[in-house]
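In the block that follows, a single chain appears as structure tokens, in the form predicted alone.
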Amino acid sequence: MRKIESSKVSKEKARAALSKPAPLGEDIDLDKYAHSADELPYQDDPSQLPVETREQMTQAGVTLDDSSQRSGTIIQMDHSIIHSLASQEGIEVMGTNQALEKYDWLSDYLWKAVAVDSDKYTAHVELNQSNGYFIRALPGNKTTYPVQACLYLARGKLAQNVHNIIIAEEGSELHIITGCTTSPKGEPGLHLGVSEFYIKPGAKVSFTMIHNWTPEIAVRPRTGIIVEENGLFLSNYVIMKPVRSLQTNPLARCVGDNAVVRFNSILVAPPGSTMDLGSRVILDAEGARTEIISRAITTGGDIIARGYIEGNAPEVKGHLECRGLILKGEGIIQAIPELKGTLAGIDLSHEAAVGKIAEEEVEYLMMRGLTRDEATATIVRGFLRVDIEGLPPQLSLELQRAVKASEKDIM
């Protein structure tokens, strides 16, 4: 009865929110997209998917030919879970709908980290056909290798709805890499992704997301994170391919003493791309800490890089840093850092800079034998390098591989 009543309340709130205008970014007309999709067949061996599909997934960091370096894999295509496998004891990987059928208690987690009535996009996910992935580490269990998830938009003009739930139980450790991509046909589409993270006391989660969209796709992720005592949430976000319109502003709440949140973002906006991205952290517990770092490059597209840190408890620390580089074209980078402190004894800081490559740096490298293009590429590579504390070597390598693979597009 409680589950039914909870669902009824969520749907009532969602219906009321459908008329809400988008708070940030372009206001997407949902009526331009299809809201349902055919059920797609399950794939026991995803390495047998079509070559062009696998290539798109590979560019988003998803490995299908060799799963020995993964603790689990889940793939959603449109609204269907076409593959799901956990290969390590103590780690659960399955579709959200399957998990809700398996665990009655899971409904208590729905819409607790993200409000169902946040905007019309969250409301649409609640009211329309959707699925998503459920990843959970049982108490004390730690992933040997990353769990990988792929969200693939195959059908043109579809609004893909996704609701992900990630739970790291007490003392556990989860490393996740998510690749979001689409068919290379270049058809219009909309990706609506709700992700809710629950990091229990002493648990650690590293979440690396690589987006590989096409120029006709609009993307609206909605993410919430709740971190309890001595928990750690580490987020790495990379987008270096064209996208028509992207807007996201995840919110992390440190509700337990000494909770830690770190956001690292690497953004490249080619011509025709509009990206409005931010990260928000609320430090509500003593000794909580956060760091928000973004590196943004425009080669003709527009980037708004937001950051918000709020300190509401004694001895909290937060630092916000945004650096932007305008390489060419008529692109725009706008940095919007915000800090809010509500009591004495907090330590919050920010720095932001937007500019161009210094000519003297290029000339210095050219004097040592590099061509202008080689010198510029070296500087850009160094600019995009973000040292990420606590990231497993394998994920760090894949992150750098994604950056390197996009160098030609940047230049």
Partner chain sequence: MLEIKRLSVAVEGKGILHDIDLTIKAGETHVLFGPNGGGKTTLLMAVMGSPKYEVTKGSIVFKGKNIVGLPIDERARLGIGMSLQRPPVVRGVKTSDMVAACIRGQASEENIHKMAEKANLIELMDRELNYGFSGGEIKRSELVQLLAQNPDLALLDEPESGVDLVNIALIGQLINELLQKEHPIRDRRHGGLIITHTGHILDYVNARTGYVMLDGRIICEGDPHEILETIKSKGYEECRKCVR
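Since the model is a prediction, treat every value here as computed from it, not as a measurement. Residue numbers count along the first chain shown, from 1.
Below, we turn to the form predicted together with the partner chain, even though it does not appear here.
Between 24 to 32, 49 to 57, 342 to 350, 359 to 367, the stretch whose residues reach within 4.5 angstroms of the partner chain in the predicted complex through a non-hydrogen atom is 359 to 367. For the candidate set Arg323, Arg244, His83, Lys317, a heavy atom within 4.5 Å of the partner chain in the predicted complex is found for exactly one residue, namely Arg323. Put simply, Thr371 is close to the partner chain in the predicted complex: some heavy atom of it is within 4.5 Å. Although the partner is absent here, Ile379 sits close enough that one of its heavy atoms falls within 4.5 Å of the partner chain in the predicted complex.
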